[in-house]
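This document opens with one chain alone, in structure tokens, the form predicted on its own.
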């Protein structure tokens, strides 16, 4: 049994993905650290600091499956050191002549920070893949519903008409910006850490920078150029991006949540066979996916905020903020990967009811024409007078039960022919032009970028 509901066998699918847990769970985390320890040993052997045979033995035995976790945990508690238990457990499976060379000239942060960079590369790759899949679906919706008119809404109230394709293009464009951020951030985030006690690399003498560069290269990471033991902006930036991604997905989910309400009925989540909306009210179809995206976004923002707190550190090493990252960093990653997976299902199964959109435009009596009417009236009367007279005419017309066309001809604001023209069809302005621009721009960007990150 687990203590945390996010790790519960019953509910864990709601708070992370198996792919992410393979990276961030106990075995994945330990294997990442062991990979770093092995790479360090190989580079040290190349520099003549440890025997080559010892480096080969360390590399061969640096496998999480060979580690006695119970022994490692006991040694961690006994030593009160966060890495010594793992070191001793690795030493226990090594030939005697290689044991002394494990972890030579390294610190906990050298191993864990570099291990986090390796994990970040894999989590970022999952995010890149899933964001591109979501973007592709949203672009399909944008093209398919380029001309599907629907009520635009501001402050929860119907305003000037828009098209659903334009709305989907807006979502896709926001996803594209997150892809841009992932691409731009990779060189900053995917760097190794090798600094020793205070970051001075004094253990390695004048070979320090060269050894660090070879160490990073051995793991496919960039050389940071300078130790970053208390410079924690990299992890904070990445998790803030994950929180932003979750926020975007929650924005999409929130729209589905609202527009699925039966009195609106413009969008609807697909329902899998066997889904139960309510045990006590069997008629209900709850917006489970879109609702949960909001929950995940709230939690992701909370964990990302802890990562921002960790940026404030002192001197050359400070365990207070750094150790908080051990909880907040994987938590944000798990939440984000869960959100991405749910958003894929939501967008790919989304049901769009164009007829309901048309009905909702009609049910407001055409009064959403007011913005376009104001634009036409302004040159005649001036902006302030036009706004005042139009607002009074429309308010009076609605109170009297008149149609918008009838209200527009009140007080001679428009001729009957002009009013009829204005209200004949929903005027969605430049929505189609903007949709075309975004879909074409995204098409070009997708063709020019790799399918895998970084």
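Remember, it's a predicted structure, so these values are computed and weren't measured experimentally. Just so we're on the same page, rigid core means the largest C-alpha set that superposes within 1.5 Å between forms. Residue numbers count along the first chain shown, from 1.
Omitted from view is the form predicted in complex with another copy of the chain, to which the following refers.
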property	result
Partner-proximal stretch of 126 to 134, 346 to 354, 113 to 121, 292 to 300 relative to another copy of the chain in the predicted bound form, 4.5 angstroms, heavy atom	292 to 300
4.5 Å heavy atom contact, residue 318 and another copy of the chain in the predicted bound form	yes
Touches another copy of the chain in the predicted bound form: residue 398 (any heavy atom, 4.5 Å)	yes
Distance check, residue 449 to another copy of the chain in the predicted bound form, heavy atom within 4.5 Å	no
is_contact(residue 29, another copy of the chain) in the predicted bound form, heavy atom dist at most 4.5 Å	yes
The unique member of 236, 216, 94, 149 whose heavy atoms fall within 4.5 Å of another copy of the chain in the predicted bound form	236
Within 227 to 243, the residues that have a heavy atom no more than 4.5 Å from another copy of the chain in the predicted bound form	227, 230, 231, 232, 233, 234, 236, 237, 240
Core-superposed C-alpha of residue 41 shifting 2 Å or more between this form and the one not shown	no
Residue shift check between this form and the one not shown, rigid core fit, residue 29 Cα at least 2 Å	no
Cα displacement of residue 403 between this form and the one not shown reaching 2 Å, rigid core superposed	yes
